[in-house]
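There is one chain below, alone, in structure tokens, taken in the form predicted on its own.
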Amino acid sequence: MRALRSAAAVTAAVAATLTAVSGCAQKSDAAADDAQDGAVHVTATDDGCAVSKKEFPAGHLRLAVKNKGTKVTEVYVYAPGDRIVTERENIGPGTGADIVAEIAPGTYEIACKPGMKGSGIRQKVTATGKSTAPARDPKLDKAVAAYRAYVQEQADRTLPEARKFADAVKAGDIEAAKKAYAVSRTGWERTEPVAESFGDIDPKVDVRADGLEDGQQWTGWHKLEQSLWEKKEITADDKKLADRLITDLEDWRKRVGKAEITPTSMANGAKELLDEVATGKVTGEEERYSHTDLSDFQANVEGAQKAYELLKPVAAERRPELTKELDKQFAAIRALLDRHRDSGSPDGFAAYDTVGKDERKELSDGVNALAEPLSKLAAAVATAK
């Protein structure tokens, strides 16, 4: 062994030590927090995802997330096969989020995604023993069954509308395809968190150009949206993509009824739909070519409200002040959306590029006002009063 190391090696060693010390400090802090509140603490940074416990009892899991990085992040819990158990998007630098989920015994991965891109920085965790969740209120079982029927109904109703869109694309009829585009997405947008839970469907049918992974072919609605509105042409490849869209949506329809749905996943899904509005619709990024963002916005809110309404009988018993606030905020956001209706538009709303800066700010504020109480719904249905 050499007695002296190169300057570079020393620098690297010091950096590694500092990283280790920093990591230990994070774990120590997280462990202390852990002991205080029983949650599993996740500390997200720009290049790390420290988890305070790698092993915890199955049942109701609460993740207390802190974003100590400089980028907006999102946190996922993945079951094997990258099936999404729960997620929370749009966690800003210096902020945190509580995520409540029902976790069955087994192995999982917790992922932080700095910049909300890529497969994430992952930590393997294990839920041990038998589920410790208390016996479920029968009213919640009823809510889950009703919501499962709702998502299946939305998928069933989407296919005919999507076929009208695909047929118009294959016929080379740009104007007919434009009219069918937004309407074909409504059922999907109402129930997107359930579709996303499978992991492989959303990237094929609803990815935007800036969401593509390395080597991923761009397929789905938004690729065709670009052709129709920006390129103003329908190519032979677009016609093939229209067929592929229908194939992928048929796969979704067959699988959606088998999705794992729990009361907490319904509540988390409702919040995820509001996150979708905040990160894609209010900004105008989701429908950047067609400017049909308000149609998606409406569908996201409708889907979130459906999940909430089904859970409301239990939530109202346990957290009456929360349901009172949610009723108020859902009414407010629907009223805001109503101001932008346009009966002459194929999707019933004004084009988003005609919505002014102040009006967009008003919509954004309305989404934020609803998202805050909605983030508490999962905890309300997970634990008895």
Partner chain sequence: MTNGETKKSGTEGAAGPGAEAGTEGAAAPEAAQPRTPSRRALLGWGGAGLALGAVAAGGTAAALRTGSDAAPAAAARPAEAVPFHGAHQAGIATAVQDRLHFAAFDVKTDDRAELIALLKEWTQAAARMTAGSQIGSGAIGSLAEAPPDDTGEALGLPPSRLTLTFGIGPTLFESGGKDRFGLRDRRPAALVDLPRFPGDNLDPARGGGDLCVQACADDPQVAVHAIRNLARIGFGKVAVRWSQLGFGKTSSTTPDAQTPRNMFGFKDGTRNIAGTDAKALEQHVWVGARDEKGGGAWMAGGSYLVARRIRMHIETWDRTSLREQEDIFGRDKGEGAAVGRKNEHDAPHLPSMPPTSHVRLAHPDSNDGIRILRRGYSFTDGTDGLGRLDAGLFFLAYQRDVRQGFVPLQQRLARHDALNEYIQHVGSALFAIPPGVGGADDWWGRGLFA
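Here the structure is a predicted model, which means the values were calculated and not measured. Positions refer to the first chain, counted from 1.
From this point on, the text means the form predicted in complex with its partner chain, which you will not see here.
Proximity of residue 329 to its partner chain in the predicted complex falls within the 4.5 Å heavy atom cutoff. When contacts are judged by a 4.5 Å heavy atom cut-off, residue 268 counts as touching its partner chain in the predicted complex.
Using a 4.5 angstroms limit between non-hydrogen atoms, residue 300 is distant from its partner chain in the predicted complex. Within this chain, residue 292 is remote from the site of its partner chain in the predicted complex, having no heavy atom within 4.5 Å.
The candidate spot formed by 140, 148 and 184 lies out of contact with its partner chain in the predicted complex, as no residue has a heavy atom within 4.5 Å of it. Checking 264, 154, 305, 197 against its partner chain in the predicted complex, a heavy atom within 4.5 Å turns up for just one residue: 264.
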